[in-house]
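A single chain, nothing else alongside it, follows as structure tokens in the form predicted on its own.
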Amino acid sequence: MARPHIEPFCDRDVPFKKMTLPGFPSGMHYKMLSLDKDTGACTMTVQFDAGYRQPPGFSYSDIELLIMEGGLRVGDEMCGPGTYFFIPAGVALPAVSTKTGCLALLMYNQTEPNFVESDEDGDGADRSRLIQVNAYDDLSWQVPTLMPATAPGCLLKILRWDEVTGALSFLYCMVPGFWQDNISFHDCAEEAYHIWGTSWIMQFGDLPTGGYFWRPPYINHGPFASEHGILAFGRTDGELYNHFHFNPYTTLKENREWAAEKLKHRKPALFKWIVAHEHNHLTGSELKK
């Protein structure tokens, strides 16, 4: 997910645009949150107008969808706020419609948005990877098991975990009065969208309802706070490991070197394999150690 750093951004500040790409029915509007200009992969806020109808079909990209307001009828099932879908590339959904309209997050993970009308799955589709869950009603909040751990008061609902890459999709919340006094960075890219509420990050200020960020690896962020709490959707493109420190002035290069040094001690066998096979992003000074 090679996208530029976007932070902070609030989709309430920009108007919807009409979706005009081939294959999409009329009545779908979007706000582009982030875009990989090389592949077309993107994250959008999408409004389906009342009366929207989409025939059965599939995409050539993995798709993630989270309903935030209103509802979608997918086949014979009515799906309301909190419903999350992970739809693998080539897996066909039945007809989709909405009587009253629907506001959702929509993500295309490998390609630009595309739709192929079809009653059957495409070639090579893996339906076993399809996920549909009502995250609000059917999943419980859990204290993160990520180590090092965040401050108390940040809770997760895991929606999807990729066992190969470690990539995560999840809901998270901060309770009212949440406060974390350190600075963090990660080895993975991460993005988040505020479904409700406002949080504050020292480097970037307030992120309100409708707020969004796409943050590439090794960028400092924190301390964090939220007066009234938040509900948000988040994703990473790899394992989410918290590198905590208290120096807001470290550079990307310094953070990468620090992460490499940690990896050498935390996962020595992996570190040796990376260096031996030259599959790495490490600096020359690290390779000499």
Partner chain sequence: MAKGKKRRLSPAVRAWLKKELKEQQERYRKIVKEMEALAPQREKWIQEFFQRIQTRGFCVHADIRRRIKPEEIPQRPKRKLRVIY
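Predicted, not measured: the structure shown is a model, and the values here were computed from it. Numbering follows the first chain given and starts at 1.
The same protein has a further form, the form predicted in complex with its partner chain, not shown here; the description that follows concerns it.
In plain terms, the part of the chain that comes close to its partner chain in the predicted bound form, with a heavy atom within 4.5 Å, is 200 to 208 out of 75 to 83, 133 to 141, 200 to 208, 93 to 101. With a 4.5 Å cutoff on heavy atoms, residue 236 does not count as touching its partner chain in the predicted bound form; it lies far away. For the chain shown alone, residue 257 is not a contact residue for its partner chain in the predicted bound form, no non-hydrogen atom being within 4.5 angstroms. Contact annotation for residue 252: at least one heavy atom lies within 4.5 Å of its partner chain in the predicted bound form. In the predicted bound form, its partner chain lies farther than 4.5 Å from every heavy atom of residue 71. Contact residues in stretch 108 to 131 (any heavy atom within 4.5 Å of its partner chain, taken in the predicted bound form) are 110, 111, 112, 113, 114, 122, 123, 124, 125, 129.
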